[in-house]
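Just the one chain here, laid out as structure tokens, in the form predicted alone.
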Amino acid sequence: MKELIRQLTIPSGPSGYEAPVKEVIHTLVQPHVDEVYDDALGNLYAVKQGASGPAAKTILLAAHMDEPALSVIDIDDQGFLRVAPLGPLRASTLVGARVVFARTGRRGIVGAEHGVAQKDLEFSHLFVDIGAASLDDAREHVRIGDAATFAYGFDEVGADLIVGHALDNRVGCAVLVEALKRTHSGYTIVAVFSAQQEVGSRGARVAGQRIHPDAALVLDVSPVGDTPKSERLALTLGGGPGIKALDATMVVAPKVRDIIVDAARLADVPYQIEVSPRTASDAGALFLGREGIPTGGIVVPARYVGTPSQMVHLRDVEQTVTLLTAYLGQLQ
């Protein structure tokens, strides 16, 4: 799993520019499924056929490919770039961050106007320095509307912890890729590697309308509450996968959540319950699709979500794959 996650964090994939990530995933899943295709919005679909006949059912599994980014909204006469967030970023965490532009590969550093206290920083105070000497020089490398993601790569911290700028949500993508290799289910599995989650779950909304599944399950990361003076959240790093109870977009029906809990118990996987009222996921968009789709979620606990360096525990990742495989295996 470590190497798979590393491979998935190499390409830059800001919302709306997920193609490089999609190409890697396409190569990884194609040998293990019956069909792979995409849509106009940029979602990637991988289909693994289950039972056939009039009683056949379909489950949609979703993991978003995109990562938070900065979008260029202006370039000044000195060649500094003014930016706006694509996704849930906080200005106060970005000063000094290194970024790379998805279209050209140009790198830069986030700076802030002098005299503004860190706690008061807003995006109007930030700029990106790409080393340009003038407006014309900057325009040779970056255009208005170009998007930049963080340029921190993938690192190991200790034996079982990994850190990366795009673990939200390449970890969920890795779990889904690995589950497609291991899983056999009575349901037809449609794995959706979704686009533009960070800006409103746009890809998931389209996928839910297109597939008409009998059920859906979202794979993502979720913030923990185990660091000093952190927000009071029940998830802890290393405590096992989180089973979604609610987030900002939906409340999971108890009967849906209980099926996942039962799978965890049968597979002897430790689990936690995710209650995350401040975060959004693709679950809400799928849940409201068509006449309503029974939707649940499994999350990998993560520290420092929404920053250039996110952290997960490899044991949590492996146990999430085990739980997902067990859940799918019991669907008949």
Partner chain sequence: MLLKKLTEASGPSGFEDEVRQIIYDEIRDIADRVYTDALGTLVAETNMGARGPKVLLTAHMDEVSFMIVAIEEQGLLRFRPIGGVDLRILVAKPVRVGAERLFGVIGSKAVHLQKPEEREQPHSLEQLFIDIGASSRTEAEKYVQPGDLAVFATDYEEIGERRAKAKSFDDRVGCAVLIETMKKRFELPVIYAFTVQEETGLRGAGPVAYRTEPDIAIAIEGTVCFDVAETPSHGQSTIQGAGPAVSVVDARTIAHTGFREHIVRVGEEQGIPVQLRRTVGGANDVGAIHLTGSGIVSAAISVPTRYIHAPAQIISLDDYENTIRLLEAVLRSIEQGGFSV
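Residue numbers count along the first chain shown, from 1. Because the structure is a prediction, the values reported are computed rather than measured.
One more form of this protein should be noted, the form predicted together with its partner chain, which is absent from this view; the next part is about it.
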| query | finding |
| --- | --- |
| Listed range touching its partner chain, judged in the model of the complex by heavy atoms within 4.5 Å, from 29-37, 65-73, 260-268, 297-305 | 65-73 |
| Position in contact with its partner chain when the complex is considered in the model of the complex, options Leu86, Ala138, Ala102, Val110, heavy atoms within 4.5 Å | Leu86 |
| Partner-contacting position among Lys181, Arg210, Arg106, Arg98 - heavy atom within 4.5 Å of its partner chain in the model of the complex | Arg210 |
| Partner proximity in the model of the complex: His165 to its partner chain, non-hydrogen atom cutoff 4.5 Å | no |
| Contact test in the model of the complex: Ala133 vs its partner chain, heavy atoms, 4.5 Å | no |
| Exercise: Leu41 in contact with its partner chain in the model of the complex, heavy atom 4.5 Å | yes |
| Its partner chain contact at Ser15 in the model of the complex, heavy atom, 4.5 Å | yes |
| Partner contacts in the model of the complex for 202-223 (non-hydrogen atom within 4.5 angstroms of its partner chain) | Arg202, Arg205, Val206, Gln209, Arg210 |
